[in-house]
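Consider the single chain below, provided in structure tokens and representing the form predicted on its own.
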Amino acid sequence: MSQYRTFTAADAVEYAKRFGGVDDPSALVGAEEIGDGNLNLVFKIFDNQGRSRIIVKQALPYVRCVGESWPLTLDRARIEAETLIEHYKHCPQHTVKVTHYDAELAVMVMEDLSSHRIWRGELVKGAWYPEAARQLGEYLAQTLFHTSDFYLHPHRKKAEVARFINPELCEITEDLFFNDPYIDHERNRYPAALEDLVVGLSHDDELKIAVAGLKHRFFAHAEALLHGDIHSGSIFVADGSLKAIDAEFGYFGPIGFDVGTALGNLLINYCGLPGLLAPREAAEGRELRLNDVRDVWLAFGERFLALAAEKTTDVALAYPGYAQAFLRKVWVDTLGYCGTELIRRTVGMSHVADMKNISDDAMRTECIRSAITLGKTLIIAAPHIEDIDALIARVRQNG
């Protein structure tokens, strides 16, 4: 901590020259700060030909979108770097490569993904990447299986849980997912026309008991090393390629949280498309989004079970039928966490372009209403939705 200083663009260039791993460091001459998230500085480093070469990312000691009134641990930079490094070991094709990090400066150097685009922005525009959903399912299966009890020796697993304890970032998740949207909180933001709907969330006993269960499992079920924030804004895509980034919320938690967060963001886009695109394009886009939801789950489930059959060595966990039973539990968790993602993105403070970019106020309100209603349905009905086809039928019924 004593060495920490906030980087300028010039600092980022000098750091990249030392630790960027490029053949000719002297060719690195400029930097542009491109961070548009809530927490960090992100510098794109350019060479003397104007080409973007690498990324330098530094954690700030506070929440960037709020300011110094909300201090935040710098250890999250270590958590992020080590989570990405661990995930890269198991799924290099779909994880950004970290080439260097410094825990004291809270800085990491990563591969540049200028050839890719942020998936959320592409979804909002109506662009479709046919392979992305199955690639995301593959990423989830590989990273979550290989950091779980199905694969790790119990001693190693327990040590890893300790290494990735991330209490401050987890507390943010706990508040934004499971607390704020279900109480009268100053961070909540939603259209005034939806006041009755939102207030109703805080008085719905069945809903709040289900949310309490999801929060308790988030506390207690250290099943695998999660990305912790795997939404469409934390994923880069290109034709035939997908890369996960931004893993500072990484910790050992319930596998269904990552899968549910991923599906929740696809369904937020589904709910927002009628306000983002012309009617025909919106209808086509919504069908593609349901295909994406199906593909993520099926790719994840198929690969997880295949890995379990091939690599599980624990005599109890390898018993025929147990992996399938465990996946059923993950499915129920996935649906619940998917619902909390829909509600926290529309009632809580962390709004996204899938709704914010809708220019017509009345249409935006109706799209948000649809997302809140769907979220509530999924949280309550999760134990009774049997499979992916039943989920898609529920989404269609929601409108």
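As the structure is a prediction and not an experimental result, all values here were calculated from the model. Quick note: we count residues from 1 along the sequence shown, nothing fancier.
Same protein, other form: the form predicted together with a further copy of the same chain, not shown, and the subject of what follows.
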* Which one, 98 to 106, 268 to 276, 235 to 243, 203 to 211, holds residues whose non-hydrogen atoms are within 4.5 Å of a further copy of the same chain in the predicted complex? -> 203 to 211
* is_contact(E168, a further copy of the same chain) in the predicted complex, heavy atom dist at most 4.5 Å -> yes
* Could you tell me if W128 has a non-hydrogen atom within 4.5 Å of a further copy of the same chain in the predicted complex? -> no
* Asked: Contact between R134 and a further copy of the same chain in the predicted complex at 4.5 Å, heavy atoms?
  -> no
* Asked: Heavy atoms within 4.5 Å of a further copy of the same chain in the predicted complex: does Y322 have any?
  -> yes
* Asked: Quick one: of E284, E302, E111, D149, which gets a non-hydrogen atom within 4.5 angstroms of a further copy of the same chain in the predicted complex?
  -> D149
* Asked: Pick from A192, V199, A309, V315: which has a non-hydrogen atom within 4.5 Å of a further copy of the same chain in the predicted complex?
  -> V315
* Enumerate the residues of 206 to 229 that have a non-hydrogen atom within 4.5 Å of a further copy of the same chain in the predicted complex, in sequence order, or give none. => K208, I209, A212, G213, K215, H216, R217, F219, A220, H221, A222, E223
